[in-house]
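The data below hold one chain only, encoded as structure tokens and taken in the form predicted alone.
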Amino acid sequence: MSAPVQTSRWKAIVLRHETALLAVVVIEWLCFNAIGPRFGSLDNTFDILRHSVEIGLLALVMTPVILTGGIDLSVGSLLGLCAILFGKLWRDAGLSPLTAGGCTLVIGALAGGLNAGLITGLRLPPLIVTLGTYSLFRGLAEAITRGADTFTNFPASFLFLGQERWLGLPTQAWLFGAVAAGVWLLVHRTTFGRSFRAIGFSPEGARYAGLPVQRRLTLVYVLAGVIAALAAVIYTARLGQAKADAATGYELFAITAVVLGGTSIFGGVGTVHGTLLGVAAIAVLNNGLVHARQPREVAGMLTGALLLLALSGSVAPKLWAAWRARSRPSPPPTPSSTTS
């Protein structure tokens, strides 16, 4: 391979969005490690990993949703509803945690199917549909618990999933790694997953090309429901309790991580590894602010600012290109030929 080709290849790698985001994560880590003496410890690193698994799962499954040009604002509320239903199935129905967890995944799939049916069957906008189910799922959780019932006293064998380590790592990290690998393979290594980008670029064009657009969209929303239910089980195991307000605001963190990772909010462009870096950036920021003794509100403000910055960054290149095209002087008119 010639030197100019190698130079061009390295330049493309350096200028990639993911490379810049990786540099941001490293800078965050170095800054907070200088401020907080315990920030860089192994125990705190495991705490960052443990506390970011649920948001990471939601962000992972949000990536194919946004790639198709959609959005799912209901994943945080669905996580809270599934946590409540898991607690009721275990405590009130007398099911084992394993059986209750399996039933919770089925409930998540049905909730995702509800979103998919309204979006693909009635052709309603994903933003409006999931905004409605966002309120529906949270309202159901409040109604079931009457805003006061809390599920606790789970067996130690179940709490092991969220509070202990297995083979040196937090137990839930192994599940997160398996889901991350599965979503990455689906999106980047299968023709099935690559069709998500085609749908995001142009749903009508993908339909004319013979792609089963409705079935693909149904898959991504059902998958979002299943993974949200899995995140609910892990969330319950980590905290040792389930309440109606569980995971409030998690959908904002998930969307921020996806967009921050380079996935276009308009669909068609994005990577799963970029999303993972976005999750890491948010997790390090939130944990670092705790070690810096900053109020919790600061984390919310900075997360919102990151989302606006990421959204602006996705639009800025198009605006810059349009401005350059307008500012470029028009070529002089060609003289018309004269007849003798």
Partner chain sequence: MNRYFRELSVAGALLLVLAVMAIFAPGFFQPQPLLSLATREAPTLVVACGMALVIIGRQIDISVGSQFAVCSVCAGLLAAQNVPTALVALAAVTLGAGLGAINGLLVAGLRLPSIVVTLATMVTWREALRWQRQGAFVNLPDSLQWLGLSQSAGQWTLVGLAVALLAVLAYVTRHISAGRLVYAVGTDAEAARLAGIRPQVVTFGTFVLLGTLTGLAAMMNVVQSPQVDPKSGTGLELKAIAAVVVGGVAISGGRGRLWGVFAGLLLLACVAPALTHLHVEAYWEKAIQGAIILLAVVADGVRSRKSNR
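Here the structure is a predicted model, which means the values were calculated and not measured. Positions refer to the first chain, counted from 1.
The same protein also has a form predicted together with its partner chain, omitted here; what follows describes it.
- Although the partner is absent here, residue 240 sits far enough away that none of its heavy atoms falls within 4.5 Å of its partner chain in the predicted bound form.
- Taking non-hydrogen atoms only, residue 94 never approaches its partner chain to within 4.5 angstroms in the predicted bound form.
- Under a 4.5 angstroms non-hydrogen atom cutoff, its partner chain in the predicted bound form lacks residue 167 among its neighbouring residues.
- Taking the partner from elsewhere, residue 301 is found to have a heavy atom lying within 4.5 Å of its partner chain in the predicted bound form.
- Proximity to its partner chain in the predicted bound form, defined as a heavy atom within 4.5 Å, holds among 255, 89, 227, 116 only for 255.
- Among the residues 136, 109, 103, 179, the one placing a heavy atom within 4.5 Å of its partner chain in the predicted bound form is 136.
- Judged against its partner chain in the predicted bound form with a 4.5 angstroms heavy atom cut-off, the residues 48, 234 and 292 are out of contact without exception.
- Contact with its partner chain, judged by heavy atoms within 4.5 Å in the predicted bound form, is confined among 154-162, 170-178, 95-103, 259-267 to 259-267.
- Within 4.5 angstroms of its partner chain in the predicted bound form, the stretch 127-158 places a non-hydrogen atom from each of 127, 128, 129, 131, 132, 133, 134, 135, 136, 138, 139, 140, 142, 143, 146, 147, taken in sequence order.
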